[in-house]
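Just one chain follows, in the form predicted on its own, and it is written as structure tokens.
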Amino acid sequence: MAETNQNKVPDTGHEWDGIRELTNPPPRWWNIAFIMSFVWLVAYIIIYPSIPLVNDYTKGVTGWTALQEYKDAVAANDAIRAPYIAKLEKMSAEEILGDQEMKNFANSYTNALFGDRCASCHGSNGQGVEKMFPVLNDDDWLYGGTLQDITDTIVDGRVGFMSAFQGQLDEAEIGQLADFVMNVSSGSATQAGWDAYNNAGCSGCHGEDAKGNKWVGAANLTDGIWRFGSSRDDVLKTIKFGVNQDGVKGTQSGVMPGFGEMLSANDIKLLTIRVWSLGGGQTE
């Protein structure tokens, strides 16, 4: 049998399972790429910082570094923002809200501030967390939604309060109150429900019309917006165990820390504008 071309190719002498290791040269394109990789390496070393030394590193002819590029970009960004920031510091919250350009800049500028101080509880867009932290992007305000109200909340914090009615009322009376709360939120409360509401003393905090009281953080019961859940069981729990009642097992928790000593006056002003803008803040 004639010898094949494969058998004519020199080999290394290695063979395994009938497979010979040949000495064919690599393709020309591979050789070119191999050589060019060394050319590229030399060019990179000449142009860019690359080789670590004992106390330093080679700088390259350009002296470029990613860190310096970042610092230059930050400096350029700060230079653009500086006139706006200086202007913000001299404007009141009302003046900023009256200037759409400055309002837009203030809300953009506070992205990081809101993310650091508020988003962990209230969410990145102020959407809140059901039964835990209030929604900020609606127009419902427990402690008022004016600029001053929001500033006071940020500076001093808030501690919710509601008495626990377990032990004060029997199960039937608590159930009647829960039904009233469910019904009044949909506009279908009965006179008997209103009587139970008033007899239990709820109007002292939530008002005779059940529309809440910002001075004590009492919720509006008529708007269908729920702080601690909308089911009847949720309402029963709140009525029975109250809010922030020491020693009462099952009481709801509603506490916000004050930031008055953590933030500058300008940061508080800008956060006030951000929260006011998120939730359709009140003017009076």
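Keep in mind the model is a prediction, meaning the values are calculated, not measured. Numbering starts at 1 and runs along the sequence shown.
The form predicted together with ligand HEC exists for this protein as well; it is not shown, and the discussion that follows is about that form.
Here the marked residues C121, M132 and H206 all reach ligand HEC in the predicted bound form, each with a heavy atom within 4.5 angstroms. For the chain shown alone, P257 is a contact residue for ligand HEC in the predicted bound form, at least one non-hydrogen atom being within 4.5 angstroms. Mapping the unseen interface onto this chain, T153 counts among the residues with a heavy atom inside 4.5 Å of ligand HEC in the predicted bound form. Residue contact check for G126: none of its heavy atoms lie within 4.5 Å of ligand HEC in the predicted bound form. Using a 4.5 angstroms limit between non-hydrogen atoms, G229 touches ligand HEC in the predicted bound form. This chain is displayed without ligand HEC, yet in the predicted bound form the stretch 210 to 218 from 187 to 195, 79 to 87, 210 to 218, 102 to 110 comes within 4.5 Å of it by heavy atoms. Applying a 4.5 Å heavy atom cutoff to ligand HEC in the predicted bound form picks out L177, V181 from 175 to 195, in order along the sequence.
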